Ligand code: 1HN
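As C-alpha cells, one chain now follows by itself in the form predicted alone.
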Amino acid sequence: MAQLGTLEELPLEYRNGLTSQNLVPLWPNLRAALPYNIPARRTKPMVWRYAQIRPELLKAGELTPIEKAERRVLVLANPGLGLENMQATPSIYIGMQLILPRETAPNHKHSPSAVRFVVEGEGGFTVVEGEKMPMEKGDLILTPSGLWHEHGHEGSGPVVWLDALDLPMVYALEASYCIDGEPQKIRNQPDSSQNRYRRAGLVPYASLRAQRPKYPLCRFPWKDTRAALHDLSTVTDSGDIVQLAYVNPETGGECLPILGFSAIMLRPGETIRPVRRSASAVLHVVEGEGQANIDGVELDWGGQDTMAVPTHAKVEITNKSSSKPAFLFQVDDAPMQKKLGFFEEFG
C-alpha cells in the first residue's frame, strides 16, 4: 500500500492558496474517502428498548396535542451518526409514532417514501389515496413517495407504530419536502388493495392487460405473514434462514425503490448467521426474546425492541426460547445499493 503524503507536508502558503479558491488536495484525504477492504463506519450496533421508549411516548401524548405535533414521533437516533441527524443507519430513518383515540394525523404527501409497522394497539387506520386500511399489530402499511396519506384512531387506548423512511437519503440530495392537503374522501372499497391481492401467485385478471399500478398493494397483514413464515419453516432445512420478502405482487420486485422489507422467523433455540452484506439494516422484534451479536457487540433483545445493523456487519442472532419461535421485521437499504450497482454479499 502506498504511503500517501500528508496535508502538513505541504507549505502553508500553498494550502492557504488552495483554501482561498475553495480547493482541497485529495491525496491527504484519500484513505478517509476510500479506505481499504471495508468502509469507514460511524453507525453503532445498538438496541432501542421498547420498554423504555413506551412511557416516554405516552408522556409525549400528554405534553403535546396532535394539533401541535402533526406527527407525534420519537426518533430512534444512532449516536454514532449524531442524534441531531435523526438516522438509525446512514440511509434509514426510524421513529415510533403515537396516535390516541379520536385523533387524526392530518393528510399530507412528501418526497421520502415511508412504511408503518404496527407495534401495539387496535382501532388505528391509515388512508392512502382514498383507500382506508386497518392497522393491526404487525401489519405493514406502505405510504410511498408522492401519495397522499393520513392516519386516524377509532378505537380505545394508544396505537403505536414504527415508521421507516428513506429520509436520510432524500434529505442528503436536498430533495426532501412535504405538502399539506385536505382530508381525503374514502372510497367505497375499504382495504381494497389487500382484497385484490389476497393470495400469492394470484392477481386480478384485468391486470394482465391493463397498465400495472406502481403500488398495487399497500397493506400486508401480519397474520398472513406469520402463517406464511410458519409454513416456510416446515420446508426449510436446519441452518437455512426462514425469511420472507415483502414484494410488489404485480412485479415480484421490492415494494419500494430505496428500502427493502422482510420478515424472519427463528425456530425455538435457533441461531442464524446471515450472510455479511454491504447493506445496512434495522431489525424490529415482533415476538420473542433473544440475543444478537453485531460486529462483536452483544445485544439482548425482547418484544418490540429495535436494533441497528451497520453496513458490512457480521451478524449472529439467537432465539433464547427452547419452545417458542421468535419473529423479526427487517428494513434494509439493499434495493438502493442494487440500483446504484455496489451491493455485495460476502459469503
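Model, not experiment: these values are computed from the prediction. The first residue of the shown sequence is 1; numbering continues from there.
There is another form of this protein, the form predicted together with the ligand, and it is not shown here; the text below is about that form.
Engineer: Does the ligand get within 4.5 angstroms of any non-hydrogen atom of residue 270 in the predicted bound form?
Structural biologist: Residue 270 lies outside the contact set for the ligand.
Engineer: Could you tell me if residue 139 has a non-hydrogen atom within 4.5 Å of the ligand in the predicted bound form?
Structural biologist: Because no heavy atom of residue 139 falls inside 4.5 Å of the ligand in the predicted bound form, the answer is no.
Engineer: Answer with yes or no whether residue 153 is in contact with the ligand in the predicted bound form, where contact means some heavy atom within 4.5 Å.
Structural biologist: Flag for residue 153 set to no.
Engineer: Taking the ligand as it sits in the predicted bound form, is residue 214 in contact with it (heavy atom to heavy atom, 4.5 Å or less)?
Structural biologist: Flag for residue 214 set to no.
Engineer: Heavy atoms within 4.5 Å of the ligand in the predicted bound form: which stretch in 236 to 244, 191 to 199, 270 to 278, 161 to 169 meets that?
Structural biologist: Only one stretch passes the 4.5 Å heavy-atom test: 161 to 169.
Engineer: Which residue, 226, 116, 219, 132, has a heavy atom that falls within 4.5 Å of the ligand in the predicted bound form?
Structural biologist: Here the answer is residue option 116.
Engineer: Here the chain is shown alone; which of 187, 71, 230, 102 has a heavy atom within 4.5 Å of the ligand in the predicted bound form?
Structural biologist: Answer to the contact question: 71.
Engineer: At 4.5 Å, heavy atom to heavy atom, what parts of 89 to 114 sit next to the ligand in the predicted bound form? List them in sequence order, or say none.
Structural biologist: The stretch 89 to 114, when checked against the ligand in the predicted bound form, contributes 93, 97, 108, 110 at the 4.5 Å heavy-atom cut-off.
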